Structures are given as structure tokens and as C-alpha cells.
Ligand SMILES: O=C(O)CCC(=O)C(=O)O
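Starting off, we have a lone chain in the form predicted alone, written out as C-alpha cells.
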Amino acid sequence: MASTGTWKEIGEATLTRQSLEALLRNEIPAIRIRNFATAAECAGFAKAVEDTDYKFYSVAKKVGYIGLAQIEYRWNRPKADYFKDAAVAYEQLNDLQNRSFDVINRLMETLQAVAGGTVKIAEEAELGRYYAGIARIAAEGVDLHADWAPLNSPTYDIARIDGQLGWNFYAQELIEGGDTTVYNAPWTPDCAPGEIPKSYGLDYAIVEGAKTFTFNPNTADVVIFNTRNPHEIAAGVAGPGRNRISIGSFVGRMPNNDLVLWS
């Protein structure tokens, strides 16, 4: 069943087999994994990110990042370009995690403990594995957007999923602000077959009247939500050693019930 359900309750759940399935069905707003990392691991990860040469997205609100987003290759780019660049991006991610800790593997092991299928990095036949794990440095917020691979990436294997989640581990938080708001209005834009619709900077008309859930992540926690629901991040107040530093990826459920990761 595709993730177009209606929330049966408003609030955060802990991670269990039942809550993970409910989130994939879009029956709950979010799952929080508290104390995913120690204070020392958080500090080490934040420093490793700050010491890495990161880039910025070409959007109005300034967001620094380390890694590779598959969605950047959705228009007029051969698939081979993405998978070649993914291999290079992993070199930087591996270096970052070697200087802190392996967030991606820990997250996969945590999900595997409750998942109904195998948890693994997504792969494309004859081309290789997808990139998973974008670190971000942000305080100015992120505009309303939605992430749903069957529409964002229709020619890639990840388009076969029937549910899509996003997780973020928060290594460092802002002084104040920076709440994330999720709207229970699964993204279903009007578009022609094969057309890739705009998914960032969405019109608020599509979420008018929808139930909302807002969370402010705590340092050391992981928060997971259904990314087909439009979501946005409010601006916050940063300071020395108090920028928002996180890392995350998508998790999609394949037809065989495996969970696959990509960014």
C-alpha cells in the first residue's frame, strides 16, 4: 500500500516494528530515537563536519552540505553520471565518519532490528549502489517541499518503492528555533506520465487545512518521518558552536519488503 494514509494520532512514537510499518503507511507523524549517540560522538561528528570542505545548495536559504543528492540528476543526465559521482562522494563521507563514527551503519543496524525485510543501501542493476548520507549545516531554514521517488526519480529503480521515509541524526543544535513542520497531505501533484514535477518551494495551497506535526530535534536524537508529506524547516538562531549539524537519508520500502537507503 502506498503511503497516502491519514494520521490516526498526533505525536512521536518510539521505534518498533509496528511504528515503522505505521509510519510507512503514513498513519503516524514521526518516530524519535532518543540518545542515538553519546555526547562525545555528537561533538566528534560536528567537528568532523565543520573541518570538511562542504558546498552550498543553490537555493535562497543558505544550506551547507557534504554528500550527493540523487534528485540533482533527475533531468537530462545519464544514470552513469550519478553512480560515478556517488563513488567519489563516498570517499568524503567515509573520511568524515572515520574521524567521528559510522552513523549510517548504526542507523541501518537499528532499523534492521525491527524491520520486516533486509535493510541495505539501494542499488541499480549494472550501475552500482546509490549514495546514502548527506550531512547538512543549516540555520536559515528549508522551504516547503516533498520527497517521493516514484515522481522525483521515475526512471530509477527507487521509483518502485511504496513508502518513503527520511531520517536525520542531529549532532549539534541551534540556540533556538529551527522547528520542522510536517503536513499530513501526501504529495500527489497533477503531472503527465514521465513528467518530473517541481518538488521544492511548493505552494501552500496544497497543504491548506491539513493536520500538522512540528518537532524540534534534540542533539543526539534521530527523527524519522514520511517524506511524501510536504515539510519545511523554520529558521533558527545559530551561534559559535551552535549551528544545526545533521546527517540523514531516505529509506524506501521495495516490493519484496526490503528497506533501501539513498540520499
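Just so it is clear, the model here is predicted, and its values are computed rather than measured. Residue numbers here begin at 1 and follow the sequence given.
FYI, the form predicted together with this ligand isn't displayed, but the following is about it.
Asker: Is it true that Thr180, Thr227 and Phe250 each have at least one non-hydrogen atom within 4.5 Å of this ligand in the predicted complex?
Answerer: Checking in the predicted complex: Thr180, Thr227 and Phe250 are all within 4.5 Å of this ligand.
Asker: Based on heavy atom distances of at most 4.5 Å to this ligand in the predicted complex, which listed stretch, 88 to 96, 103 to 111, 140 to 148, 72 to 80, is the contact stretch?
Answerer: The contacting stretch here is 140 to 148.
Asker: When the contact criterion is heavy atoms within 4.5 Å, does Phe215 count as touching this ligand in the predicted complex?
Answerer: Because a heavy atom of Phe215 falls inside 4.5 Å of this ligand in the predicted complex, the answer is yes.
Asker: Does this ligand get within 4.5 angstroms of any non-hydrogen atom of Tyr130 in the predicted complex?
Answerer: No, Tyr130 sits far enough from this ligand in the predicted complex that none of its heavy atoms falls within 4.5 Å.
Asker: With the cut-off set at 4.5 Å between non-hydrogen atoms, does Ile233 touch this ligand in the predicted complex?
Answerer: Yes.
Asker: Using the partner position in the predicted complex, report whether Asn168 sits within 4.5 Å of this ligand, counting heavy atoms only.
Answerer: Because a heavy atom of Asn168 falls inside 4.5 Å of this ligand in the predicted complex, the answer is yes.
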